[in-house]
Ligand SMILES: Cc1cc2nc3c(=O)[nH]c(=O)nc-3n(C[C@H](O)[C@H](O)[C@H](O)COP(=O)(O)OP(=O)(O)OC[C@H]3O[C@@H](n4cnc5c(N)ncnc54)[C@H](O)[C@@H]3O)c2cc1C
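Presented below, as structure tokens, is a lone chain in the form predicted alone.
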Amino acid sequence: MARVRVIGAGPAGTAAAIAAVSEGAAVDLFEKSRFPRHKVCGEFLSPGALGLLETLGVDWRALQPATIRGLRLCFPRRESHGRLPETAFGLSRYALDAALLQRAIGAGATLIRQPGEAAGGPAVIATGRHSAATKGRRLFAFKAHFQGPPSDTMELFFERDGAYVGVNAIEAGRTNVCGLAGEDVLSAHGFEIDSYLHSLPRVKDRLSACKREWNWIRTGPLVFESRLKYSTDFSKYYAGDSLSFIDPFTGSGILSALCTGILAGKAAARGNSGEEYYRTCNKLLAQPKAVAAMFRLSIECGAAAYLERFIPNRILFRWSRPQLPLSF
């Protein structure tokens, strides 16, 4: 029986552990941090993620996620409203990570509360981002939960400097507020997120009836890196953000993590070559990565509102999703 080590118990790591166990492998799942925990994340479940959760044996309906049917895009001089092509859901990372971890352990993975080593056999590496960035125009992300009137619409507020704020409902009537902004902008507000958000009129107005539940959590600097082209080690299978970090505003992060985690777990258990695994992931992520890069550039040059005017929301939504394989 193959023995697979999975390092990191986030969505990609737990998905890999479950997938490897389903292939008959013995799995050691390493996680050094307290788990589950709140993470900076849009907490948006794309429609494709729901099928993957069911494939993994996770009863996501029991978690009572919020239903998301609409999409609101706000640009400096224009905004648009529309319906999502398919119903999506909002679910906190705390609840999602706990359900996935419980399922991985129930499936037979052994949880080891310590750092894992990647050397010495097949290993899935799902430890998130580990890149630094040059000081100055670095990007930082932030998140908090709010209580207030819920909405079934995912709302994205874009700024000309490339910053944005996302607002969407999650379970238990709460609202997740998550954003990304440059170091220079946040520094001007002393990295006080409330002060920064109050400087954005439409965001301030949106949150006026909401009350923050706990202190802001921040992470960064964020680097849109990729190991898709140079990771060909036979026994190491990077997954999730460790494999490729795509701009979070696409809302495809959890979907990508689950998909690459499943692929990595199966590849590690079967002993597939790293080259074959990364080629598959490249096909999966190439389109959403290119679309995200194009849209970010259009935001920074002020053309996003015009781009959105000619490309319907439903098309942008589909283009920014990973191209899922027909089967796993």
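Quick caveat: nothing in here was measured; it's all calculated off a predicted structure. In this text, residue numbers run from 1 along the sequence as written.
Just so you know, the form predicted together with the named molecule exists too; it's not on screen, but the next bit is about it.
Comparing 57-65, 268-276, 255-263, 281-289 against the named molecule in the predicted bound form, the single stretch with non-hydrogen atoms within 4.5 angstroms of it is 255-263. None of Leu71, Leu207, Ile105, Leu222 but one reaches within 4.5 angstroms of the named molecule in the predicted bound form through a heavy atom, and that residue is Leu222. Residue-level contacts in the predicted bound form: of Gly128, Gly173, Gly121, Pro76, one residue has a heavy atom within 4.5 Å of the named molecule, and it is Gly128. Among heavy atoms of Ala20, none comes within 4.5 Å of the named molecule in the predicted bound form. Remark: Leu50 does not count among the residues lining the named molecule in the predicted bound form, judged by a heavy atom distance of 4.5 Å or less.
The named molecule in the predicted bound form comes within 4.5 Å of no heavy atom belonging to Ala169. The named molecule is not shown here, and in the predicted bound form it never comes within 4.5 Å of any heavy atom of His145. In the predicted bound form, the named molecule lies within 4.5 angstroms of at least one heavy atom of each of the following residues of 3-20: Ile7, Gly8, Ala9, Gly10, Pro11, Ala12, Gly13, in sequence order.
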